[in-house]
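Here's a solo chain for you in structure tokens, the form predicted alone.
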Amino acid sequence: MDKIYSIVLAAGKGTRMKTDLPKCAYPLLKKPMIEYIIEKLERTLIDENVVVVGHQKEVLMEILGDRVSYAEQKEQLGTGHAVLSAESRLAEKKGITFILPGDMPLMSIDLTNQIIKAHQEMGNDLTVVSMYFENPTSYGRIIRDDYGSIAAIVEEKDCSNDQKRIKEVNSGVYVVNNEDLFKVLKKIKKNERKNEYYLTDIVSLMRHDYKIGSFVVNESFMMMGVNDLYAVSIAERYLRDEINKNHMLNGVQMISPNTITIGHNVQIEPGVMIMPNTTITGNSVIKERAIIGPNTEIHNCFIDRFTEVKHSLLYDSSVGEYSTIGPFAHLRDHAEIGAHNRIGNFVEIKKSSTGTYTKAAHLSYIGDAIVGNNVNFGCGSITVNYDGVKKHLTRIGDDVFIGCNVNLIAPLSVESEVFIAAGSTVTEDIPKGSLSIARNKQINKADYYHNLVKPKQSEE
């Protein structure tokens, strides 16, 4: 059986996005747009994906790596020229090619397969994917002849007034037999007004000698192109609704799901409850019976079962089972929180690990530290990990009590079964079983107020 290929047109600059990124690298729900497309194509009937790159090609190539083949469009000379850029990859290969824009992240796996199967079953040489809009502004119009066959596609700026009233429009998606595609592309003439080669011209070039068919998509939102920041918001809404729906049908409880954003790759087990105004993105995993939110942001994190995270920010970190995080906690840079921990109000943990039953209830900073089991950080206690030049490690053993407002000056090792008195600034290692007191002797100056304040008042 002939192979099936795709050409994804991703060479655009994304000028209307107001960004330096190439358009297809722009994030939707914190994930590059092109990734949605390639991930879906990899699960379709397509055997090989070719991505046409151009502006800042290295950005897209870094995102996709060796998952796809690449063709480069060195000059922005239109969609016809972009597809022709893939000639060296596909011209000698027998089969069919599925062509789509790289800014179309909503098209489903099922729809892609349906289009391909329709092309094959109808025996078409070219299949044009179209849709209907009541107000089809900015779309190319499908021009049909007296027999209902597609005769041409006319871009809106080139349409006559009568043609502008046509409601069937071009989606920008095509399926073409490879043997015909590149022969016809070389016959396209440059559009004088735009100085570009239009891919749409293959219809008029093929209509007499080849079989052209159409596939009409009813759910037109799947074919929307994301060309500006307003379109980004619309695409994200569709993605959000579909993702949330699937999770809820799988047993995830969501309170006010319209306020909840879940990324495309997030895994959530049944029995999880997600509260309002929560965002979970990246490759996060949320295990059963966890409660997440409200007002929480989680990115690339592992949250174990029976854990509660509320009013907090967690990035690239993990939390063990039966732990509570927040409110107003911040975990980042591979913080690894053990089971049965309590990380409370205004506590920040960075690049550190904690054992089981460890607590930092409020107003603490734990950075670059390895912390054992059953450790208690008193209010305001911190690891002082930065000397102005380098970051240093703090090691804390098991069963350690750290009093309020303690400064642990790294590099430092605190052995197990240690007590550290409140207000201490610790600069030396503490041996096992010790009580450490590192603060100056209190000095009370008698009659200080009387001697300092009263004379000033009498002078006035």
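Remember, it's a predicted structure, so these values are computed and weren't measured experimentally. Residue positions are given as counts along the sequence shown, with the first one as 1.
Keep in mind the form predicted in complex with a small molecule is missing from the figure; the text below concerns it.
- Distance criterion of 4.5 Å from any heavy atom to the small molecule in the predicted complex singles out Gly172 from the list Gly380, Pro257, Gly320, Gly172.
- Contact with the small molecule in the predicted complex, judged by any heavy atom within 4.5 Å, is made by just one of Leu77, Val285, Val217, Leu106: Leu77.
- Proximity of Asp2, Ile96 and Gly213 to the small molecule in the predicted complex is absent: no residue of the three has a non-hydrogen atom within 4.5 angstroms.
- By the criterion of a heavy atom within 4.5 Å, Arg439 is excluded from the residues contacting the small molecule in the predicted complex.
- Contact check for Gly225: a non-hydrogen atom falls within 4.5 Å of the small molecule in the predicted complex.
- At the 4.5 Å threshold, heavy atoms of Gly326 stay clear of the small molecule in the predicted complex, well away from it.
- Contact check for Ala82: a non-hydrogen atom falls within 4.5 Å of the small molecule in the predicted complex.
- Only one of 233-241, 180-188, 195-203, 266-274 lies within 4.5 Å of the small molecule in the predicted complex by heavy atoms, and it is 195-203.
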